[in-house]
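What follows is one chain in structure tokens, specifically the form predicted on its own.
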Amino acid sequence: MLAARLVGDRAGDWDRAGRLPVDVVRALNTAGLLAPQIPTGYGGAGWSSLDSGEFTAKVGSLCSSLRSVMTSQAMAAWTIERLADRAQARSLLPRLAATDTAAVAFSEPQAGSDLSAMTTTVTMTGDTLRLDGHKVWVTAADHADLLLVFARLGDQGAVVVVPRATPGVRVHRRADPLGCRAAGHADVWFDAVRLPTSSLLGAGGQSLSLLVTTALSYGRMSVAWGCVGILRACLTAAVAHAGSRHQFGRPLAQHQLVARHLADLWAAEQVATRVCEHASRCWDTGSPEVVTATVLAKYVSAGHATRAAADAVQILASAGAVDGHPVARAYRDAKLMEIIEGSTEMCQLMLADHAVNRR
């Protein structure tokens, strides 16, 4: 498997250095695997959500930073596929399927869960648009070729495709984040950035909440499957350690309190896998349940990954408390999964609303 060969045993080194090798990202993209759901008509692999999800889980079990870059690329591709006109799709999607990398800019200093508070603006003058604003915590922005920027266009919303090298774009890398340290998180400023109006996806002027939901839906699915990968990595490490480490004359796995942790880990991986499979099948069949199923998958998988990573560290003890160790990385990475693409609390509100309104 290409991803396994590219990552090898280097994920810990990338985590400590805070950077992914550019050649690794480019190799995955050249193979069409950075966003494999891009339709074949645009040069992509055309994978289903279920196939893409299993691949995302595999990469997530190897390196959550690399999986985060995949999520960013896939969100960008999905947003373009859904919002772009035909000419834009024909221009942009083949690039994302093979050559260019992309980052998606949502959050701002005062607009996190409440993205209706964003203040980044687009103004139009003739055949030119101007973009002004400040985005924070943009995954992959430190090395992306393109930035998809969510902004206000009058009273409505818009998505602008901005080449990172455009004059007026300033990118400042976020050093030493809690998790996914090598994913290229950055803050980005847009100071009177001028672009042709063709940089605006579609006609612009859509509902801001609809635009955000379009992109976040794909992001939540990808993050959920990435959490399955975290769970599998933790389970593998914990089982190997508990089976080989002896204390009080027998393997750790034969001590009941440790066995309880192992049982919880296995159950968590199974539950997360099943809920993600269900969400992907909803996605692939166009089920009306897809929105709720995706939120549920993200909520369940992120919560299980966070708890399971803590259990794995507990089982490995000092052996897993080394910076860069798979379970130490999982412990930090998993916590971020409860924050990004809709926090645990936002997911709970959406699921509670669904529970009340379906009666």
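Please read all numbers here as calculations on a predicted model, not as lab measurements. Numbers for residues come from their place in the sequence shown, where the first is 1.
Not on display, but discussed next: the form predicted together with a small molecule.
The small molecule is not shown here, and in the predicted bound form it never comes within 4.5 Å of any heavy atom of S280.
In the predicted bound form, F106 approaches the small molecule with a heavy atom inside 4.5 Å. Of the heavy atoms in W78, none are within 4.5 Å of the small molecule in the predicted bound form. Contact annotation for L351: none of its heavy atoms lies within 4.5 Å of the small molecule in the predicted bound form. Contact annotation: of the candidates S287, S113, Q270, S198, the single residue with a non-hydrogen atom within 4.5 angstroms of the small molecule in the predicted bound form is S113. This chain is displayed without the small molecule, yet in the predicted bound form the stretch 131-139 from 79-87, 165-173, 131-139, 223-231 comes within 4.5 Å of it by heavy atoms. Across the proposed site, H185, L336 and S343 without exception bring a heavy atom within 4.5 Å of the small molecule in the predicted bound form.
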